[in-house]
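Both blocks below hold the same protein chain, though in two forms, and each is given as structure tokens: structure 1 and structure 2.
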Structure 1
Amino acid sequence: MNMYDIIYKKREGEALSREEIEFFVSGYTDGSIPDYQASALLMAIFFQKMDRKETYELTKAMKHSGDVVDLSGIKGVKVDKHSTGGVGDKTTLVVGPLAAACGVPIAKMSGRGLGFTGGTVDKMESIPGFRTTLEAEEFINLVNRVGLSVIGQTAHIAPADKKLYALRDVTATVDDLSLITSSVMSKKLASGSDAIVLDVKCGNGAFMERFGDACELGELMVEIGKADGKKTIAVVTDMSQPLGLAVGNSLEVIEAIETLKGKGPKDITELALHLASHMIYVGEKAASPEEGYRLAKEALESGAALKKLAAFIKGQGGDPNVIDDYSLFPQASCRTEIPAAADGYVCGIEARSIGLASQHSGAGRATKEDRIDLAAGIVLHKKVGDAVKKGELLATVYGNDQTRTDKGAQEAAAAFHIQDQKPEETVLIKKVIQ
């Protein structure tokens, strides 16, 4: 078996066998297959596509390219949650405590962000003292004791994905359904949970902008998860405007805390309850998603989920006093306000533009080596459908570099669109795939 024959076979539109896919993944991971041959195969896959069986075999080979986490030491049905990414997406910080407060063990490994803001790990590190690196025994003990732990993903989880994604990023082969699915699901399947709830975003701030494409991705990921013996549900949700009001790192943690206090924005609250309802259901703590929703709402209204967040923060070395004292978070020294240019209604907020503005203010990374300003970001004062008067604030941009903050504000201002008529309300939960 050699790479030339595998590249030729896929170039001609034929399906690759399990053995050929495993040969490619293992060879590229250990360095015996060079970048130029891997690039050629990725481009052949991009144009000729993979069928369902090939996609599953690719995912499985990538899953087994490194460690497969053993969570058998954790009691109960372990549930993982993954979002395909969006602007202002801090749902893990809300749904984790909600589901854990209902008895579902959450042992989650998250990555760092490369783009608009930091990932969940970066956000949690804005809490003084919070540790995102734990030894395996401490991680398992913490989940058994508290019910929730979130740590950084190690380099030993699906290393093939790390190498392949870096190559896809520079060869214009990122947006292929099979390659996206294998990238996401190889890491999720290697992370050891028994069930997975996927939040598949669609809209101008999402990776999959079109609803149909998001549904196709969700269906394929659910199929792959089930084929690997995992209970898997995908929820297709709107990302045509930022989620919630805060976009940044410490800003999003504060908004998550406010949400668990019952004072969060309507959209983040509703999405968190909906995702938690499915996590509680697949975690076998509810007989249906509807019952799961009721339990999640009770955990929110009783304060049980907020207490779970405090225990989670304390368990990982963080200062739980941040829940009542937001001054303990990193503070921005600069702010730039964005006033409305006219009267009317906000008819659109380009999520991608807000995300880029947040990144440029210091909240995100352009390269892996960049340092994030954990205090930087944007707080929206208006969402789609809100009435606005000329001069009224649309958003405030925060940071620690006035030039960057002003640049972010200029970009964010262009993301708002105002018209005379009130627009139709957007649907947040678009489809559930199971």
Structure 2
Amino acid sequence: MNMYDIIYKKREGEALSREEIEFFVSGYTDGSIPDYQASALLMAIFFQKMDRKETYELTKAMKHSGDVVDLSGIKGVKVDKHSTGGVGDKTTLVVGPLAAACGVPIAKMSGRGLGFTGGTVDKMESIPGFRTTLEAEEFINLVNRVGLSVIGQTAHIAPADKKLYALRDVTATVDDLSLITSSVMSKKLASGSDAIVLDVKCGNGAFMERFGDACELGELMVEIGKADGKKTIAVVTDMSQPLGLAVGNSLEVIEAIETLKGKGPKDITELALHLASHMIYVGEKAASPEEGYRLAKEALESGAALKKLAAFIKGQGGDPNVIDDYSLFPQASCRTEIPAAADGYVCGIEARSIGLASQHSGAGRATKEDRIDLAAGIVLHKKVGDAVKKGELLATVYGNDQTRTDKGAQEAAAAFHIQDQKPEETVLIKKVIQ
């Protein structure tokens, strides 16, 4: 078997066998297949597509390219949650405590932000003292003791995805159904949970912009999760504007805390309750998602989920006083305000542009090596559908470098669209696939 023949076969639109897919994944992971041949195959896959069987084989080969985590030391049905990535998406920090407060053990591995999307690991690192790297034993003990632990993904989980994702990022091959599915699901299946709830983002701030494509992605991921023996549910949700009001690391953690205090924006609160309802259901702590929703709402209103967040922060070495004193977070020394240029209604806020503006203000990285400013980011004062008067503030950009916050503000201002007519309301939860 050789790589030339595999590339040629896919280029001609033929389906690859399990052996050919395994040959490619193991060879690329161990370095015996060079980037240029892997790039050629990725582009052939992008144009000729993979069928469902090939996608499953690719996912399995990537899952087994590294360690498969054993979470059997944790009691109960372990549930994982994964978002396909968006802007202002701090749901893990709300959903994790909600589900854990309802008795669902959450042992989660999360990623860092790259490009216009943020990552939970960066967000958590804005909490003073918080450790995102724990030994396996400490991780498992913490889940057994507190009910929740979130750590950075180790290099040993699906290493094929690490290499392939970096290559896709620079070869314009990210937004392919089979490649996204295998990337997400290989990590999820290697992470050891018994059930998975997927938040498939749809809109201009997501990899899948069109509803039909997002549904197809959700269906394929659910099929592959189930084929691997995991209960899997996908929820297709709106990402046509940023989620909540805050974008940027410490800003988003503060918004997650506010949400658990019952004072969060409506969209993030609703999405978190909805995702938690499915996690509680697949985690066998509720007989239906409806009952799961009721339990999650109780955990929110009683303050049980907020207490769970405090225990989680403390358990991972962070300072739980941040919950009542936001001045303990890294602070921004510069801010640039964005006033509205006209009267009207906000009819669109391009999520991707806001994500990029936040990145450029210092909150994100363009390459993996970039250092980020944990205090930087954007707070929106208006969302789609809100009325606005000329001169009223649309958003404020924070950071520690005035040139960068000014640049971020210029970009963020261009992301807002104002018109005379009030736009139709956006639907947040678009579809549930199970």
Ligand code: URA
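Please note that residue numbering is based on structure 1, beginning with 1 at the start of its sequence. Note that the coordinates shown come from a computational prediction; the quantities given were computed from them, not determined experimentally. We call the rigid core the largest set of C-alpha positions that still match within 1.5 Å between the two forms.
One chain, two forms displayed separately, with the form predicted alone being the first of them, structure 1.
After superposition on the rigid core, displacement of the C-alpha of residue 428 between the two structures stays below 2 Å. Residue 35 shows a C-alpha shift of 2 Å or greater between the two structures [criterion: core-superposed Cα displacement of 2 Å]. After superposition on the rigid core, the Cα atom of residue 6 is displaced by 2.3 Å between the two structures.
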